[in-house]
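As structure tokens, one chain now follows by itself in the form predicted on its own.
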Amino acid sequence: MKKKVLFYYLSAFSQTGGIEKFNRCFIKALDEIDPSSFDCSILSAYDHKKDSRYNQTVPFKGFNKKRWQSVLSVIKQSYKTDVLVLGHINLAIAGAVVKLLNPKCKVVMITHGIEVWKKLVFIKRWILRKSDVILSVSNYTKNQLVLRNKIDPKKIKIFPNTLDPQFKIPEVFEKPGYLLERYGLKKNTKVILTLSRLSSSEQEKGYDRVIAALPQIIKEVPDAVYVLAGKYDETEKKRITQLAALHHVSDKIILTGFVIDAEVSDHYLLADVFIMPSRKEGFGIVFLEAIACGAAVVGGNQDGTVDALKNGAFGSLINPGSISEISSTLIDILQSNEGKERKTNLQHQVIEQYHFSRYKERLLNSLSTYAN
């Protein structure tokens, strides 16, 4: 008999970010699961429509930010559901009501990063403890769940992110001419890249510390520039501009604004090195995307980045708070002229470990285990 699976999540298509990337891939994996084994359906609290690139067959309903209506729908549908997968801890109330009213329904909770790296309120701790399994995107997040919320580590399974099947992986590592022209760069310009949402409410990505390190970097690598890519709010743009002026590097920083999906891979190709010395990264799929496009990568050693970079095997792990470590590491990389063979080898390793087909296998194994 087919098992019924309901995936309830916040957003995948109406917002951008790491969790949204995860949700898109999760939906795509559900869409490609053998329908003879599982009968899947999807509900979103925030999205109002689906994207056919990720979901062609699975029934979908989006509540367009009508949270309470979505919660009531999940509770109602749970009576015909074998496994309820919750995409975020902020959906705890729906999971708690389902567990109380319909204890036969298995609950799977997905945990990403900072949302569970603190002592949680009662209802969130309760649903974590009552969940049949918790999927954690990284060992770091798993350890924080155990430390901060006293969750049984045996209940937590590692379920890392994946390279989006829509992500364009290049066959040749060559800087795109149209981006060189757009940003006024030469082919031999040394490009440092950060690609992230630039938000005044989220200032732990570490690009401010890269800006502080630029004066020392430019002394050793005079033609280096820092391309800071991603959508920004006006408050954060002002702060970045002020930081650049303070460190006398305004002419060395390029703010691109929002980068459309079709140009993401090309921005990675533009980079000699990708850096995001974050302190609050649940996993960091951007590092894997950068490696897949031939860029050297630098990340912080105090969060889920350690998992993404395989404890330093895929890139450099540094103290994200150390300006001197940021500058010395970037200088070493920019002066090293990393060869094509190493770039290709790393690309193949990242694709092998984080390919979407592997992600689908992990999901199928998880559902097969917890649907019984």
Partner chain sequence: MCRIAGIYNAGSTNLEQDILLMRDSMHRGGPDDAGIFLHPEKPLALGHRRLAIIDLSAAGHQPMASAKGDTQIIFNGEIYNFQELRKELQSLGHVFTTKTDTEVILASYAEWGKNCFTRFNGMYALAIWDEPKSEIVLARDHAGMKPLYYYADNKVLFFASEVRAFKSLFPRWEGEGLWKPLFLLFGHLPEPFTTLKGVEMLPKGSWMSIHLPTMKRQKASFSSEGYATKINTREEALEAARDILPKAVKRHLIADAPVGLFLSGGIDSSLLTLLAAPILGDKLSTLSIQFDEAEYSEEIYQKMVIDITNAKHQAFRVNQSDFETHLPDILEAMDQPSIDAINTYFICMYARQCGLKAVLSGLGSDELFGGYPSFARFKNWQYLSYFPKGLSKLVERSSNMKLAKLSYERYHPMLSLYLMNRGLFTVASACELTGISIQKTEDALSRVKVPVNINYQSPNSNAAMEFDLYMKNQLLKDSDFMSMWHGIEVRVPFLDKELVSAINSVAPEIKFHSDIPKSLLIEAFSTLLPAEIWYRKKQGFTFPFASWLKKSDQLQPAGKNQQQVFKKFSSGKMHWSRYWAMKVAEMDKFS
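Note that the structure is a prediction, hence the values are computed from the model and not measured. Positions refer to the first chain, counted from 1.
Not on display, but discussed next: the form predicted together with the partner chain.
- Task: Let me know the one among Arg182, Lys80, Arg148, Lys130 whose heavy atoms come within 4.5 Å of the partner chain in the predicted bound form, would you?
- Result: It is Arg148 that has a heavy atom within 4.5 Å of the partner.
* To do: Counting non-hydrogen atoms within 4.5 angstroms of the partner chain in the predicted bound form, say which of Thr241, Gln216, Ser199, Asn143 makes the cut.
  => It is Asn143.
Next on the checklist: Heavy atoms within 4.5 Å of the partner chain in the predicted bound form: which stretch in 80-88, 268-276, 294-302, 222-230 meets that?
Outcome noted: Going by heavy atoms within 4.5 Å, the stretch is 294-302.
Query raised in the report: in the predicted bound form, do Ser73, Val98 and Asn102 all reach within 4.5 Å of the partner chain through at least one heavy atom apiece?
Result: Not a single listed residue reaches the partner chain in the predicted bound form, so no.
(message) Residue-level question: is Gly257 within 4.5 Å of the partner chain in the predicted bound form, judged on heavy atoms?
(response) No, Gly257 sits far enough from the partner chain in the predicted bound form that none of its heavy atoms falls within 4.5 Å.
4.5 Å heavy atom contact, Val306 to the partner chain in the predicted bound form | Because a heavy atom of Val306 falls inside 4.5 Å of the partner chain in the predicted bound form, the answer is yes.
| message | If we define contact as a non-hydrogen atom of the residue within 4.5 angstroms of the partner, is Pro153 a contact of the partner chain in the predicted bound form? | response | Although the partner chain is absent here, Pro153 would touch it in the predicted bound form, with heavy atoms inside 4.5 Å.
Self-check item: 4.5 Å heavy atom contact, Asn311 and the partner chain in the predicted bound form
Solution: Answer yes; at least one heavy atom of Asn311 falls within 4.5 Å of the partner chain in the predicted bound form.
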